[in-house]
Every structure is written in C-alpha cells, then in structure tokens.
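Taking the form predicted on its own, here's one chain by itself in structure tokens.
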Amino acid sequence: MSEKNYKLVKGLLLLFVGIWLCFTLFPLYWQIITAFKSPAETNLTVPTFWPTEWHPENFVSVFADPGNSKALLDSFIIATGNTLASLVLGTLAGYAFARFPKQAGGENMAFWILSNRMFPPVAILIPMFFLFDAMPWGTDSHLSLIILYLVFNMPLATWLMMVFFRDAPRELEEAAYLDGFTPLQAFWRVTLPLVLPGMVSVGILCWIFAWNEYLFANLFVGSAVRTFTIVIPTFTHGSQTLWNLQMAFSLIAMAPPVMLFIVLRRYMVRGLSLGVVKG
C-alpha cells in the first residue's frame, strides 16, 4: 500500500472512530449537563446544549427525601449479597463441571444451566412473584431479590468459572496431592488462587447486573425495600418531570460500578484474558 493510500485509510478510520465516539458519548454528555440545569431549562421546547446557569445543588436536592439514600443502600445490599452467593455457588459448580464432568452431569447439564440465562426474564415474572409471595419473608425484602437474581447470575458464574477451572493446570493439583494435601486443601490453596482474576471478573459482571436490574425490583419491592432503579422515575413535581434531579441521581448511581471497575480493572483484564493463549 502506498503512503498516500495508507494516510487515506488511516484518515477514514479516524473519522469513523470519531463519529462512533460522538454517538456513544453524547448520551453521557447530555446526562451530565442536564444534571446541572434548572427544571425550567430542562423542559424548554428548544433544548440547550450547555447550561445557561449551573445548579450543582441538584446533587444535594436528590437526597431531600431520606428514602433516596436508603434506596442506594438497599441496592448495594442486594447486589453484594447476590454476588457473593453467585460466586460461592458458581465456583463450586464450575469446579465440579471442570474436574468431574461425568459425575456432574456432563456437557448437556452444563449447557442446560447456561440456557437458563438465555430465556426472557419477563417470561417468569408472574410465576416468580406468586412463588416468593408464598415464602415466609415475602416479596418486599432483600432476600427475595438476592435469591431471585441467582436465577440469572449463577448460570453465568457457573459457566465462566467452569472455563477458568479447565484452563487451570490439573498437574498442580496432582502435585499437591503428592505433598499430602486433601482435595479440599488443594482446591482452596492451589487451584482457587489461580482463577482469582476470573472470579473477580465474574463478580463484577454479577454485581453490575444486580445493581442495575429494574424489572423484578419494580414488581417485587417498593415499600420496606426500594432499589435506586425504581426511585429514578419518581422525581416529579405535579405533572412535571424533574429531569435534572433524575440525571443527578443517575450519575450518583453510576459512581459505585465505575469505581469498582477502576479499582479492580487489573483483575478484570486478567480474568477476561484467561485461556486466550494456549500451548
């Protein structure tokens, strides 16, 4: 390729990337500037692409109702509890499928578990509501959503952990057995540290799903327990939607997963690259 054609191709690629970034980042930009606008400016017929007057007090106003801060805490409890349960159960199940596939049910059983993650959630919405409504703790509780989200997070955790355990060298476990380790000690002290980056990646994926979930939270909870996803649409004043407070609260709710990813990004990258290079 000649130098002229190379520059042309490079320029077209940069143009494409620039256009793609504009489409991708514009919703975030609009969310940020809307969070600093006044209610009157957010409801103008002709939108403004830069606030005429900045209102940082919007981020304080969203907590005028103490229930809003409690909603963030409820979401954190549900997401963290579900992630821990998904990791424990998914790690044990993934290890069983990786090391003892015949005893665990084989590839068909593993694929059936993953297939549970594929069906539309709305298909089980009503049956799950009646099922949990008959439980002693009822539907309006942290435990209901923690258990319910296992239906979607545990299959993903099981399948991914199975792949990570398959990539972990079995020879290290066999060497541990020769050193006198029991199977449980070999799993805990040898194999598990090898797949720790993968566990962190799975944990982040499970936590983000439970943190952002809206459909089941909107039906199951709302009185004793409220997640932030069902609080965001409630920022209204009469017939007027307070878009500035909605955007401010949304930005606050975005902070925990972003900070979590920043802190654990090293493990996330390592976990997603496990098993990529073979031989």
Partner chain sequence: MARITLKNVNKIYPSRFGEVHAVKDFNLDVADGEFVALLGPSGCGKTSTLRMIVGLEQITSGDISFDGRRVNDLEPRERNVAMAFETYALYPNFTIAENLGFPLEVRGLDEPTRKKKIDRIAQIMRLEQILDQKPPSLSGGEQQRVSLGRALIRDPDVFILDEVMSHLDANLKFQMLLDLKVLHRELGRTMIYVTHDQMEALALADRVAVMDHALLQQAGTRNELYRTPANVFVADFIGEPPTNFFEMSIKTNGSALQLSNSDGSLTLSPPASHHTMLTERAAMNGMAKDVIAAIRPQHLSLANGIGSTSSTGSASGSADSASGSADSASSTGSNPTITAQVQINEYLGERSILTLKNGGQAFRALVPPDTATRKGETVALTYDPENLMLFDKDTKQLIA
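Treat the numbers as computed from the prediction; the structure is a model and nothing was measured. Residue numbers count along the first chain shown, from 1.
The next section is about a form of this same protein that is not shown, the form predicted together with the partner chain.
Contact with the partner chain, judged by heavy atoms within 4.5 Å in the model of the complex, is confined among 151-159, 188-196, 80-88, 121-129 to 188-196.
Checked against the partner chain in the model of the complex, the residues 104, 208, 176, 163 give one hit for a heavy atom within 4.5 Å, which is 176.
Although the partner is absent here, residue 182 lies within 4.5 Å of the partner chain in the model of the complex, judged by heavy atoms. With a 4.5 Å cutoff on heavy atoms, residue 171 counts as touching the partner chain in the model of the complex. Although the partner chain is not shown here, in the model of the complex the stretch 210-228 places no heavy atom of any residue within 4.5 Å of it.
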